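Below, in structure tokens: the form predicted alone, a single chain.
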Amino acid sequence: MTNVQQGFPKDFLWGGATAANQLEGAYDVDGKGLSSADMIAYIPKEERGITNHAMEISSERIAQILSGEFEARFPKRDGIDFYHRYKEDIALFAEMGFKVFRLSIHWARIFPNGYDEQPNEAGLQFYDNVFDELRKYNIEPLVTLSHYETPLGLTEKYNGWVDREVVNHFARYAETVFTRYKDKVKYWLTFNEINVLTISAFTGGGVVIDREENKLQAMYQALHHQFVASSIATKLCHEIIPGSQIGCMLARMETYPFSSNPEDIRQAQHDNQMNLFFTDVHARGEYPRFMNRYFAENNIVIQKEAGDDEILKKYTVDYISFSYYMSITVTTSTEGDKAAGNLFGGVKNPYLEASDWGWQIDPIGLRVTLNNFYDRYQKPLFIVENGLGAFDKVEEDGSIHDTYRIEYLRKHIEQMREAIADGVELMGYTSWGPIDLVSMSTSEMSKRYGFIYVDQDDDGNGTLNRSKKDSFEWYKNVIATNGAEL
């Protein structure tokens, strides 16, 4: 009889995902240095473009910020003060029954400039405290080494990942944290949404793009350095932490053709290839051949050092993780209305609803994505970001009835269950923003994802008090029943 997995595996990892720069705060406490995220100012909604490209920054603007000439709010510097409230927040995650909590280590908290010879002990101790608190509740940490947190010192000295020397500094950082936390962390990720480097170079790699003559060349050279660094980190992780698992992370948005016109179909195929290129290198250990034409047509020549290809091939990832919020629909014609996206565009899909921010809501697309990933790589998968950013209303009695969030998550989890029945090997699911935090793309607080409400507005006002939304109890029951009750 054919064996079909019914429901979620017994050891399925349920939890939530965050990033240091969006929740920790304490940007200048205990020896921490500045990072790329600390330079991103809040941009009011009316001043943003449709794709929210608020994260690029010029050399002039950096100089103005550092000199104090440019005055603005920098919400990621303050986050939601997890740095001082982590025990309270982890207790709430434990109350929901989390099996895993995804967080990132802020590189500039460990090496303030990025290129320092010795690590900052106060920074190391902070994460020791966080991991100890998680262990108290039997919650596994899932740790991202680099989540849009390139130390500003590396930008100033090398223009970020464009310079090969940054690979060595990252290797020192990775070795430091693997050695320090080898008995506390077994699940790791290298670079968050690594493909974002080719969309927002400063966000993904601390690269100030106006310093580069050939912008595409600089982006893909920086990306190559991250690929090599990721493979080196994979090697180090396996050597230092026996039994550890380390993965890559992609911002994945399944791309559909707008019509059955072969030109639309080819455009969608091309866009999917360009997205999956990143996981091809991580999982297969080599650049796919279709990139040769793209590089040739765009005057891109990747500078490799001797041994790079061998490193990429030998040290591939153990699993593939990704974010999934929406799908994209593309066309080569002028038909279709533009659709919003977190960093991606496309046209509106007439069969889908959209979020408050215009993102196309497509639960079935998650099943499609899972099947396509597994067909392509046959490696374990981990959904490490998925959620609904929405406006939440606090009632007079303090309650928050976020039925829209529950509905969004329910439909996506249903499709995860279907994908598992399809034969997909899925390790776990960490919903994005289990607690409200500062938005990556817009630096807002009003764009809320959490099961836990944080009393802070877009201007930074509020008590920072935490309170439970209706989705808190719902997700608690999902975990308790291992996804049987949605």
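When you see a residue number, it is the position in the sequence shown, counting from 1. These figures come from a predicted structure and were not determined experimentally.
This next part talks about the form predicted together with a small molecule, which is not shown.
- Residue contact check for F131: none of its heavy atoms lie within 4.5 Å of the small molecule in the predicted bound form.
- S441 belongs to the set of residues with a heavy atom inside 4.5 Å of the small molecule in the predicted bound form.
- Using a 4.5 angstroms limit between non-hydrogen atoms, Y429 is distant from the small molecule in the predicted bound form.
- When the small molecule is considered in the predicted bound form, K447 lines it closely, a heavy atom lying within 4.5 Å.
- The candidate spot formed by H147, W359 and E385 lies fully in contact with the small molecule in the predicted bound form, as each residue has a heavy atom within 4.5 Å of it.
- Contact annotation: of the candidates Y325, W161, F170, F101, the single residue with a non-hydrogen atom within 4.5 angstroms of the small molecule in the predicted bound form is Y325.
- Checking T155, N192, S230, S321 for any heavy atom within 4.5 Å of the small molecule in the predicted bound form turns up a single hit: N192.
- Heavy atoms within 4.5 Å of the small molecule in the predicted bound form are found in one stretch of 415-423, 456-464, 62-70, 431-439, which is 431-439.
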